[in-house]
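In the block that follows, a single chain appears as structure tokens, in the form predicted on its own.
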Amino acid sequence: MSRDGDVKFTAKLGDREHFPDLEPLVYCNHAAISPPSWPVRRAMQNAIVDWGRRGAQAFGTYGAQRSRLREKLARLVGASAEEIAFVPNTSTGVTAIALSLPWKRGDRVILFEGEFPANVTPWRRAAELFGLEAVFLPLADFQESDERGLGRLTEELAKGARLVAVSAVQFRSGLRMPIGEMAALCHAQGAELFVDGIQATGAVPVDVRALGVDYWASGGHKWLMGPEGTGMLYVRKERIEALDPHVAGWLSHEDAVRFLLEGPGHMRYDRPFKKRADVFEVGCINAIGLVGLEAAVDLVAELGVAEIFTHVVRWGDVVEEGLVERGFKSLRAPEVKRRSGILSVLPPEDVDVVALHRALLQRGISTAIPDGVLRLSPHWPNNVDEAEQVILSAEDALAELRGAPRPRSDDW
């Protein structure tokens, strides 16, 4: 439950009360950017006022707030607080690990063709810098079945690999990957598993330690519904000792701020690096944004991730059926365990997806078109009753794009 002084904000599934000025009739674009709710906005506004009033004297207050948020994020993903670092976005988390693993020349990194570039570019850069071999496997195997995808991964791991990097949920199709099985296969062959979790955290139940994940990065502006510029990096505590933090700054050291608080004689450059995930918190971070992220996480935690997942899957069920009946092809997995909050469809062959996206937005339906698919991504504020509006708007947009005559007002 998010708090604002004595005001308590309570979230309800399917209720847009906390988004009073959100313009689209149906906002199903949370896999891109979630609009900040009123509790998030109010928390950040109050924090700005407080910093404006107290200046540096507010630092201690918000240090304690970040410790509280660290605990909440840890609980949300099944980790401990010492395994959580704050990062401004997923890319920063990926880069931190990609540049800090104890690589050996010739190490192999297994990636997947079709992944979002945030979970590809840092590994390719690491390959160039450290003399690694980047190997790509097709996501199509997993799209067909977990068994086929895991079989292909097993074959590649048998050739040797240092690390596998994959997204928990694929941004284009919404496919939920078998992370636990992938982690087990990696560890059996002496490899580690890095997961880009941004399309899962907040909408898909996650327990990183139970799944065997070694590293998990997630921005806060999608399914956590926080502001941009906030996010988290999980580093399994058993892995931290081996890391060589090439991405480091003054706050990466133990007792980093002591020289600012205890008088002369405490400023040193040789203090050891932290042996916790927050070694990657290299400098001053987005204090105001993290206040907003806490308010957002409070609402997600109050509702429950499992309940949110059930809600968005039900929303997707109804919309998917209506769109398929109108000639769309769904990319959604048939099994619930392989689904996420994303429903992606291909429009009929005679309809341009870019034009369709624009036509839907004109009708108040906010979607996205990553790599040529129409992606709908509802969250807890979306009501299942919106399905009728989405389907009718799609039907109307198809008619317009196909050149069908529009009904005149005197025909109604």
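Note that residue numbering begins at 1 and tracks the sequence as displayed. Only a predicted model underlies this, so the values are computations on that prediction, with no experimental measurement involved.
Quick note: we don't show the form predicted in complex with a small molecule, though the next part is all about it.
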Problem set entry | Contact segment among 328-336, 152-160, 116-124, 232-240, judged by heavy atoms lying within 4.5 Å of the small molecule in the predicted bound form | 116-124
Exercise. So in the predicted bound form, are 315, 386 and 393 all sitting within 4.5 Å of the small molecule, heavy atoms only?
Worked result: no
Exercise. Is there a heavy atom of residue 83 lying 4.5 Å or less from a heavy atom of the small molecule in the predicted bound form?
Worked result: no
For this session: Consider residue 198 of the chain shown here, and say whether it contacts the small molecule in the predicted bound form, taking contact as heavy atoms within 4.5 Å.
Result: yes
For this session: Find out whether any non-hydrogen atom of residue 100 is located within 4.5 angstroms of the small molecule in the predicted bound form, and reply yes or no.
Result: no
Exercise. With a 4.5 Å heavy atom cut-off, would you call residue 142 a contact of the small molecule in the predicted bound form?
Worked result: no
